[in-house]
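Listed next as structure tokens is one chain, alone, in the form predicted on its own.
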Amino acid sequence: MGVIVEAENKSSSILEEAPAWDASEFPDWYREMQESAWEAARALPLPRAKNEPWRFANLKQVAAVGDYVAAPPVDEETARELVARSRMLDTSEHRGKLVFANETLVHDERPDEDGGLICASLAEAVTTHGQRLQEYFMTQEATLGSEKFALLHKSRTRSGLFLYVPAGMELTLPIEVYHYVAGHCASIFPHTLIVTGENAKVTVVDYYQSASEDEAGLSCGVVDLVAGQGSQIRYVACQNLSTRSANIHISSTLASADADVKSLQLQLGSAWSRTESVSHLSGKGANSDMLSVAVPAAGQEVDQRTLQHHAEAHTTSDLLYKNALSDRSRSVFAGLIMVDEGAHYTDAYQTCRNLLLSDDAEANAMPGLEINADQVKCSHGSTSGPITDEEIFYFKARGIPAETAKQLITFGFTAEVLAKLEQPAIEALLSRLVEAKFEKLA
């Protein structure tokens, strides 16, 4: 790996020093928005133990966010090596690919912008598609505890994807976006904004990765999915940062009438990962599937907070989170199904399942319901337990060693979630990544 260019003031924390704005780089409206967000972020305290949205959270990891600094530029050699590594899907299996290294676009392979399609980096979209970007950019406030980090992201983000798919257009192959963080204690703030017109279809895969497994970095990302009437969005966030890194991922889905959104998170890396996912069902017939697979090991911690918000009648949502915990790893899940007044005939499910692969693993779950309408079908639940002796015996009786049996059982445990995405190429890729994680542990 090449040498990282040193930042001018590497000791300045992202929580203490204002972002460096270049008046010539971005238009006034964007710079003013970021300045306002910075002041608001500074005014908010870090989460405390008494804050309910941070119940069971590791506040030492939260405080450690202050140790990270702005990411310096990467040199050309590093950029070339990272682009060469960015080959998750075969070229025949994706429609476009963008690679960001420390928030700089180092590889640009995007579909032709025909028929009203917009596929641009965030920095480009701010200038060339500013009016449309303002209409959708971070319009949904963070409500699950990470307001400070959402504002910090808003004040610093300058990289990521803006994708607008016009009415009736279908992109059958996915678009891949790679977000790399490089350098000791460097931080990145990647943003993904996907907007679909009526009856449009699109799939996007985000990869969050470290340039080096030996470096501690921070990714503080935000994803906004805005699904127009009758449209379909498939979104995957694959987090495989170094096991010394930290991850904050805040996502918001807004589904209009008859829209169908499926979002999946795969959590493999980072020492600590906090994800907050909100789905707003705002039109009759809207559906949201919220999916997650986490495979923490050693001392890794995964903190997951969710909200399924049914604002209109005849809407559906289904949440399925599965965590397979090894060694002394730890997970936290807190989810709420909220049904507004008048949102009758809501159909919502919430399930969190924890597979404990070690006696030292710890799983905490807090599912919840808030129902303010009639004629609804809502259920929630959580289970935690180890692999049983009977399951191991079944495999051993067929000549399969116990450790191999554990892996096979775990693959089967996670496969149900991956299959719900209904994207065979992506499902195969994610399965390979899960398998690679277990091979690494072995």
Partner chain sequence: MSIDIRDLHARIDDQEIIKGLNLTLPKGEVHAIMGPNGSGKSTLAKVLSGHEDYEVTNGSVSMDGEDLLELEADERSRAGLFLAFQYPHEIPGVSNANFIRAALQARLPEGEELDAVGFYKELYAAMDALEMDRKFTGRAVNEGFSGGEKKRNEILQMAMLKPVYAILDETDSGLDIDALRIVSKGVNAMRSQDRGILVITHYQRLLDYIVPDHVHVMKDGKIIRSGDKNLALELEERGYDWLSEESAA
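Residue numbers count along the first chain shown, from 1. It should be emphasised that the depicted structure is a prediction, and the values quoted were computed from it without experimental measurement.
The form predicted together with the partner chain is left out here; the points below concern that form.
- The partner is not drawn, yet in the model of the complex one stretch among 30-38, 65-73, 393-401, 51-59 has residues with heavy atoms inside 4.5 Å of the partner chain: 393-401.
- Contact check at 4.5 Å (heavy atoms) against the partner chain in the model of the complex: none of M366, S382 and G385 pass.
- In the model of the complex, the partner chain sits within 4.5 Å of a heavy atom of G412.
- The partner chain in the model of the complex comes within 4.5 Å of no heavy atom belonging to A373.
- The shortest heavy atom separation between L408 and the partner chain in the model of the complex is within 4.5 Å.
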